[in-house]
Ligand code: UD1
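Below, in structure tokens: the form predicted alone, a single chain.
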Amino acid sequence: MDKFVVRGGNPLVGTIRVSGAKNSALPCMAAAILTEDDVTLENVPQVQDIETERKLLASMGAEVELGYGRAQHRTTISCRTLSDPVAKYEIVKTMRASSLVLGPLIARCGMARVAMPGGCAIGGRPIDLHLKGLEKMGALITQEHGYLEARAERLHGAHIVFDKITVTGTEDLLMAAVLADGETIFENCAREPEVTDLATMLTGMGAKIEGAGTPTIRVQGVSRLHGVRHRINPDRIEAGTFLVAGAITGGDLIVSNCNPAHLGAILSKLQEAGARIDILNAETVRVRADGDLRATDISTQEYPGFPTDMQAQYMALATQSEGVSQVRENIFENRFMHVQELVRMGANIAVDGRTATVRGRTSLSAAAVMCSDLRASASLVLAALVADGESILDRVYHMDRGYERIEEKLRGVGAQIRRMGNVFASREEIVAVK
């Protein structure tokens, strides 16, 4: 099992490039199910969740080619034949986005059998909103032996009001609606850039969609979709993670291949904390922190609010900010598992329900810590970058689900970080990261 060894103390200086958003790529890969034609996706990140999605589509009979060499970050998918429209548990158990194939499978094949998602380290992500919407569109849904089975000769349009904002629910039902008979109106939709990215791809395939990126989306169903070449959005969470890395280390970091328009809440909070932010162009942001950082409060919200996927990283920053910060988590009920690991490194954090109180500025010291989920892993890397000594981060496979070669990217801008396959590192291996 791989580990990271990180020695703190270096400001990050230089340019770091953001990969494509895995949270855009996953629904876009699922959308390839909707057509018999080839679909080519560009700017696809090389992360573990993408490989899991490839295995899932291949198990259904699709041909999926992940680009390597000159075709790096390009994926070609052919769903001409879908011989087995089943999302098998042994494949999807490691990836929460598996429910995204439910809508496109029933729209294309008239049936879908998907392993039910269980709990998640950061809290439950119920699928009931997906199912209620599909039933309104005419699907018959049953549950047996841990699988959901949905059937419909052909879906029809409906008026669907989401009880709560759901990103995957919006995406899943949007994919179902594009091949349904008649018009479907969705209200209280997620407005995340990942939803808009999916809608852009579907429109390029011939779908008729209005209102993506707003609370109300209208879809006029069509009889078939054709192939498309689509470029995936930059990963706004990876960009935000790197911006925090530049600020927390007192560095001068240029974050390229990002979309500043998607980073409004993050950039605003960094400026409030005392970091200097310059938007250099439509895809480049510079962050500098040449003075003391100030405590600021955050409260996670659906887009365009402060993203829950940046809460852990911001908490690491708060440990190095002068004063008391309040961090309120409104999206997931169990997303403070990184707190105890930060405390092991010397952070002063108290949790009361959904609110964490962070007292900075505290000196962090290196420790052996455990990664519990994707974004918690990122927060521990950030803390280790400013800790005194060498930290060992265990279970970094969580990081590999959503960050592409993060240790190489950080090392390229001055971080002392190395991946190792064994926690009992030799003296020579540890010295190599100094």
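Just so it is clear, the model here is predicted, and its values are computed rather than measured. A residue's number is simply how far along the shown sequence it sits, counting from 1.
Just so you know, the form predicted in complex with the ligand exists too; it's not on screen, but the next bit is about it.
(Q) Please identify the residue among R229, R328, R151, K164 with any heavy atom within 4.5 Å of the ligand in the predicted complex. (A) After the contact test, the surviving option is K164.
(Q) Between I209, L82, I127, V86, only one gets a heavy atom within 4.5 angstroms of the ligand in the predicted complex; which residue is that? (A) Here the answer is residue option I127.
Q. For this chain shown on its own, do T168, E192 and T308 all sit within 4.5 Å of the ligand in the predicted complex, going by heavy atoms?
A. Judged in the predicted complex, T168, E192 and T308 all sit within 4.5 Å of the ligand.
Q) Is there a heavy atom of Y147 no more than 4.5 Å from a heavy atom of the ligand in the predicted complex? A) No, Y147 stays farther than 4.5 Å from the ligand in the predicted complex.
(Q) Can you tell me if V101 lies within 4.5 angstroms of the ligand in the predicted complex, counting non-hydrogen atoms only? (A) The answer is no: V101 has no heavy atom within 4.5 Å of the ligand.
Q) Does the 4.5 Å heavy atom contact test between N23 and the ligand in the predicted complex come out positive? A) Yes - in the predicted complex, heavy atoms of N23 and the ligand come within 4.5 Å of each other.
(Q) Test of understanding: in the predicted complex, would R335 fall inside 4.5 Å of the ligand by heavy atoms? (A) R335: contacts the ligand in the predicted complex.
**Q.** Heavy atom contact within 4.5 Å of the ligand in the predicted complex, the stretch among 268-276, 338-346, 106-114, 127-135
**A.** That would be 127-135.
Q: At a 4.5 angstroms cut-off on non-hydrogen atoms, which residues of 97-114 are near the ligand in the predicted complex? List them in order.
A: If the 4.5 Å heavy-atom criterion is applied to the ligand in the predicted complex, 97-114 yields only A97.
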